[in-house]
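A lone chain, given as structure tokens: the form predicted alone.
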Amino acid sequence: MNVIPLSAIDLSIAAILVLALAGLSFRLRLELSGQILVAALRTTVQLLLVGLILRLVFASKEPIWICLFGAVMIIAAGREVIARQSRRLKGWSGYGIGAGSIFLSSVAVLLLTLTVIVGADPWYTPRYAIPLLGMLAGNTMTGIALSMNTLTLAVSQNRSIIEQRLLLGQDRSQAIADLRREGMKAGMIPSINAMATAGIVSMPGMMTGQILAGSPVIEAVKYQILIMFTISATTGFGILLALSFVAWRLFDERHRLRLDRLQ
């Protein structure tokens, strides 16, 4: 595979575009310039560090290092989930729900993909396991963050309606069933949009990367279809888990709504 190398000057030219966007945001008083610059700086530093670490992991091929790297990814993803909540659960429960749901859904689908679909030998081959886990966990993180935020806000805003349903004899699951559906829809929108527009509106990242690296186009397409399907499944399963845990946490054992458990 022949890949055209990029120099520091090439990346600097791309960075100018981000700086221009931040400057325009500042000019228009959108209050986004700081976030744009911090995000760009984080991207640069994080990707450079990850690149250095992955070189060592790929060279060693020891499963323990792959597991540790994956654990760091999921821990960081759990933190990002809770950081984006307008009304988050108090204590460590919100973080635990986010990180735990990402772990259960991502690892389960990852193992199925590596052992049954891709058939990597060994299954923990770093160049397959780590990129796949990154894509699954990253997209699941976004879906769970959106769904949890939608549910907790909706419950806060509809307290009287929920309590009236409880007084009429409904249990906690029935009382917030429609709000859970809205949370599920909100979390799945990015995945559904990505599948619906792939190849027509957008050229997915993995497919683009493989083509740029010189892989046959049809093989790149096959892998992209695999990734789109597994991402959607992982996101959906993760959202279902997260919403179930959040709904359980928002009520006590007597099915009373406990908004005091939200910040």
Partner chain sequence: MSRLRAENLVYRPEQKGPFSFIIEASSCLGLTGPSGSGKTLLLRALADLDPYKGLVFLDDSECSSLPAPAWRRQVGMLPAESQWWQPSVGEHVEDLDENLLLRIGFDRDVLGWSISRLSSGEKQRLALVRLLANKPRALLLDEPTKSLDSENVQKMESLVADYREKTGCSVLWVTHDEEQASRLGQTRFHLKAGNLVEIERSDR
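This structure is a prediction, so every number in the text was calculated from the model and none was measured. Residue numbers count along the first chain shown, from 1.
The discussion below concerns the form predicted together with the partner chain, not included here.
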Of Q170, T142, Q85, S156, the only residue with a heavy atom within 4.5 Å of the partner chain in the predicted bound form is Q170
Within 4.5 Å of the partner chain in the predicted bound form, heavy atom basis, the matching stretch of 144 to 152, 86 to 94, 105 to 113, 170 to 178 is 170 to 178
Worksheet item: Does R79 make contact with the partner chain in the predicted bound form, using a 4.5 Å heavy atom cut-off?
Response: no
For this session: Find out whether any non-hydrogen atom of K185 is located within 4.5 angstroms of the partner chain in the predicted bound form, and reply yes or no.
Result: no
So in the predicted bound form, does N193 come within 4.5 Å of the partner chain, heavy atom to heavy atom? no
ask   = Applying a 4.5 Å heavy atom distance criterion, does L166 contact the partner chain in the predicted bound form?
value = yes
Across 145 to 162, the residues having a non-hydrogen atom within 4.5 Å of the partner chain in the predicted bound form turn out to be R159, S160, I161
